[in-house]
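Next comes just one chain, in structure tokens: the form predicted on its own.
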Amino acid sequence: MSEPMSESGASTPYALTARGLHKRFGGLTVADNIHLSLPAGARHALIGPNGAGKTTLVGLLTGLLRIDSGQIWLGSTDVTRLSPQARVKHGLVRTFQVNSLFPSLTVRQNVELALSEHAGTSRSMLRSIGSLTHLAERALATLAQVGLEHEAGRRVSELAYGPQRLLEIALALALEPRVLLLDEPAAGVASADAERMMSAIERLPCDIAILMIEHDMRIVRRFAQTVTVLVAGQVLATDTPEAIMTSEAVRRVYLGSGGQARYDHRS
């Protein structure tokens, strides 16, 4: 399969490119000719009513679901047939793909394990003091990116749900993502912790492309530069948050599915 190209014939600067993704489960089409492109550093939201196919699309992108047809690239690398683990190695990370948190270990130790696993050294039992010190320093630096450095010594079991969600993002960062997929990161989080979550996401490195699945349009408006609306496995629209929120076609989709309260662009 050839590398994705721009209209001028030059290689595209996209961190993630998906073209013509199709997926059927029996007689049900759940992804119908989906195209999606994320430039490096993108802040892109994926929205749509329940059953629109958002989770299916993320499964196709990460390799948890096999596409029937279409192509997926990370940068210039065709990853269409690669395993989820191989896609992680190429820089595509979803918080769901990170191993479950270890509640009996400290916050820092959880990140150290993720760093070791990514580096392929997790099974090495003999390490120098210098390498252990370097690992601890990297773990603390990663935690600082999400504002958890002051809780590094606490056991995960002592953390509230909100900080645990932040720790999941720290574990994802330990895998050195080029593309980070976030599935409603503030869902179920108390309002104060939701603000902390969004502030942490806004501080993430600007070269990481982020695709966020989200229902709350207030969060979408705050986070996204670009929004894709998915309906019945098809892309209805891709545009700026302002254009999406004033679109009658998009509004009909949400109002028709009982989504008025969460869609209201005045919120």
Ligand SMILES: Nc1ncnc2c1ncn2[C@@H]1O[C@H](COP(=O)(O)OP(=O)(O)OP(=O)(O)O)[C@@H](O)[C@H]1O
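Note that the structure is predicted; figures quoted are calculated from it, not measured. Numbering starts at 1 and follows the sequence shown.
Below: the form predicted together with the named molecule, not depicted.
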May I ask you to choose, among Ala200, Met212, Ala52, Leu236, the residue with a heavy atom within 4.5 Å of the named molecule in the model of the complex? Ala52
Contact stretch among 37-45, 202-210, 221-229, 54-62 - heavy atom within 4.5 Å of the named molecule in the model of the complex: 54-62
Proximity of Glu184 to the named molecule in the model of the complex, heavy atoms at 4.5 Å: yes
Ile67 near the named molecule in the model of the complex, any heavy atom under 4.5 Å? no
Between 27-49 and the named molecule in the model of the complex, list the residues on our side with a heavy atom within 4.5 Å. Leu28, Val30, Pro49
